[in-house]
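Single chain ahead, written as C-alpha cells, the form predicted alone.
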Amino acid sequence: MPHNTSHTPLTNEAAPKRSRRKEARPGELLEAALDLFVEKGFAATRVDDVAARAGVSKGTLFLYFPSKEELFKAVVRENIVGRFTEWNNALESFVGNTSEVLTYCYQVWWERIGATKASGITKLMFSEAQNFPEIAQFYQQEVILPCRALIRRILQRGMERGEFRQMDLEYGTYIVLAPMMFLMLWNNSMGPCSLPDEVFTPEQYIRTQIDNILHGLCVRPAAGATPPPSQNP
C-alpha cells in the first residue's frame, strides 16, 4: 500500500517559538525577565523560564547574562537606574521654583516607574532582600542611595533659594519617598486586597500628597506678603 506523501508544510506561525527565534536581543530578554521577576519573585524565577518566555535557549541567555543575579541587576539598571542621570540633568536645567521641581519629580516618577511593571521590583526587594544580600547591596548602591541623593538635592535647592524652611535633610528625604513607596505597594500588594467598591486614583493621591508636603516644607510668608512668582515661561 503506497504511503501518502502529501502533507501540510510547517509554517512560521505553527513552529515553536524557540525554533523561530534562535537569537534574541538583550532587551527582549530583559523584558521577559522583568515580567517573571515581578510575577514570581527572585527566588522562584528560573533562568530556564526567562529563556523560554523570550523564545531562546538557556545557553543563548547566558551569552548575555552569566547568572540570574546579573540578569536581575541588568533588569534594575534598564528600568530604574538609568533614570537618575535623566532626572539629575532635568534638575540642573529646571528654571521654575522648587515646589514645581518637586511636583515634576512625582509626576515623572509615576509615569516612568510607579505606573509601570518596574514598580514591582520594589515589592520584590521588600520580600527577598534579607535572603539575598548580594542583590540587596546592589539595590542599595544603585537605586536607594542615588534616589535619596536626588531628593536631597531638590530639598537643598529649596532651602538655599529661601523657598523651603530649614530641615533635617536626612529625614526630609523619607517624607518625599513615603508616598512613592505607598503607591508601589498599593499597585503590587494592597490594591488587589482593597474593597470591591473602593475607588483609589493614584494621580489624585499624588496631588494630595504634594499639597500636604509642600505646606509642610514651604516657608510661610509673612502676613500680606506674596509668594515668589514662578520662573517658568
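These numbers come from a predicted model, not from an experiment. Think of the rigid core as the biggest set of C-alphas that the two forms share within 1.5 Å after superposition. Residue numbers run from 1 along the displayed sequence.
Quick note: we don't show the form predicted in complex with the DNA, though the next part is all about it.
Visitor: Tell me which of 163 to 171, 176 to 184, 52 to 60, 191 to 199 has residues with heavy atoms within 4.5 angstroms of the DNA in the predicted bound form?
Guide: Every other range fails; the passing one is 52 to 60.
Visitor: Can you tell me whether Q204 touches the DNA? I mean in the predicted bound form, with a 4.5 angstroms heavy atom cut-off.
Guide: Answer no; every heavy atom of Q204 is more than 4.5 Å from the DNA in the predicted bound form.
Visitor: Would you check, heavy atoms only and a 4.5 Å threshold, whether D48 touches the DNA in the predicted bound form?
Guide: D48: contacts the DNA in the predicted bound form.
Visitor: Which residues in 61 to 87 have a heavy atom within 4.5 Å of the DNA in the predicted bound form?
Guide: Read in sequence order, the residues that approach the DNA (within 4.5 Å, in the predicted bound form) are F62, L63, Y64, S67, K68.
Visitor: Aligning on the rigid core, do we see the C-alpha of Q166 shift 2 angstroms or more between the shown form and the other one?
Guide: The answer is no; the displacement is under 2 Å.
Visitor: Comparing between the shown form and the other one on the rigid core, is the C-alpha shift at L71 2 Å or larger?
Guide: Yes, L71 moves 2 Å or more.
Visitor: Tell me whether G191 and D49 end up closer or farther apart in the predicted bound form, going by their C-alpha atoms; the shift is 3 Å or more.
Guide: Distance between the C-alphas of G191 and D49: shorter in the predicted bound form, by 3 Å or more.
Visitor: Quick one: S189 and L36 C-alpha atoms, closer or farther in the predicted bound form compared with this form (3 angstroms or more)?
Guide: Compared with the form shown here, the C-alpha atoms of S189 and L36 sit closer together in the predicted bound form, by 3 Å or more.
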